[in-house]
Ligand code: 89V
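What follows is one chain in structure tokens, specifically the form predicted alone.
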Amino acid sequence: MKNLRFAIFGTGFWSRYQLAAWREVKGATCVALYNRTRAKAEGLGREFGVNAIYDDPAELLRREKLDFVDIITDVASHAPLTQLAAKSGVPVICQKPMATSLREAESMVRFCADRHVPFFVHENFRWQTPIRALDVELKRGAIGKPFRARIDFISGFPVFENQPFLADLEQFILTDVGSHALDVARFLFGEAKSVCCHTQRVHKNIKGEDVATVMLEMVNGMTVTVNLAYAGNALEREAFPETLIFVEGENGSAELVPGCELRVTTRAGTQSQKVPPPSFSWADPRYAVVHSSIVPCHKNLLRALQGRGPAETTAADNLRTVRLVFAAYQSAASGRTVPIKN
């Protein structure tokens, strides 16, 4: 099977973990790095043995023979870099959030489709070990048909310390963690037909919202509430960076609780199992459940790029998540429930 050659665009905080995760996947080799600040790319290149370093993405695309690019830059640069690669006929993997607006995301998907260039979004939260275990349990059917669920990502973790650019975003938690959590809602429970949202800003020194409460009315009749917060407050149960989920079914309930534990309750009682992520030496222990999920996400995208199966997170699919994100902003601004066109 052909080994695919790829380049990484952007060598910031997440790129090191993305590149380390690619090394866990057989069948792809990073051959070049781009960053607008060349010294940052050179530093990552020395660490991982990548010698082709560029501060001009167009030059990189001209000089390197690539099978795909992995874009891990700030969201404002996603559209121009995606289009630049697509013009060269190079398949694209793009970090979430896909774009700065729904219109921009739709344009990116259309641009790649018109050129028959494969376009994927790196959405790894749905690949977390606990979330995949919950999905298996729901499909097993012990709790019966689910009718309501709650997805919580609530943390006092000082996220702005290692990613200070987040404080300058006009739209923060819904585009950042919200993109992940709303994708998880779609993965587990299907599509939504309406969104109602309320946002708040607790930190006074940031531009965007750091708290959001989203209620989804699902096509299948479920109600799903997504609670998001990076308020910086002290919490008795600090679970960062775990996503906690509680699902009510006709015959019982299933819950992901702190410590990567899945608890399933029926009339027969409660069964508990630990569902920890795999361990990787390069993963930051504080982010282990998230960092480890990059590996199966890469594997799924690589299979698609090699023509060996479909990808879960195509850009066309992720566009549905983007619609939820911006519908949530629309609801928060208007105070009204916003319908979703599927």
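A residue's number is simply how far along the shown sequence it sits, counting from 1. Remember, it's a predicted structure, so these values are computed and weren't measured experimentally.
From this point on, the text means the form predicted in complex with the named molecule, which you will not see here.
Q: Answer with yes or no whether residue 125 is in contact with the named molecule in the model of the complex, where contact means some heavy atom within 4.5 Å.
A: Residue 125: contacts the named molecule in the model of the complex.
Q. Does the named molecule get within 4.5 angstroms of any non-hydrogen atom of residue 96 in the model of the complex?
A. It does: once the named molecule is placed as it appears in the model of the complex, residue 96 has a heavy atom within 4.5 Å of it.
Q. Wondering, does residue 180 line up within 4.5 Å of the named molecule in the model of the complex on heavy atoms?
A. It does: once the named molecule is placed as it appears in the model of the complex, residue 180 has a heavy atom within 4.5 Å of it.
Q.
Just checking whether residue 280 would be counted as a contact of the named molecule in the model of the complex - the rule being heavy atoms within 4.5 angstroms.
A. Because no heavy atom of residue 280 falls inside 4.5 Å of the named molecule in the model of the complex, the answer is no.
Q. Where, among 262-270, 104-112, 216-224, 171-179, do residues come within 4.5 Å of the named molecule in the model of the complex by heavy atom distance?
A. After filtering at 4.5 Å, what remains is 171-179.
**Q.** Partner-contacting position among 194, 163, 83, 77 - heavy atom within 4.5 Å of the named molecule in the model of the complex
**A.** The residue in contact is 163.
Q) Looking at 290, 295, 66, 32, which has any heavy atom no more than 4.5 Å from the named molecule in the model of the complex? A) Looking at the other structure, the residue within range turns out to be 290.
Q: Residue by residue through 35-67, tell me which have a non-hydrogen atom within 4.5 angstroms of the named molecule in the model of the complex.
A: Sequence-ordered list is empty.
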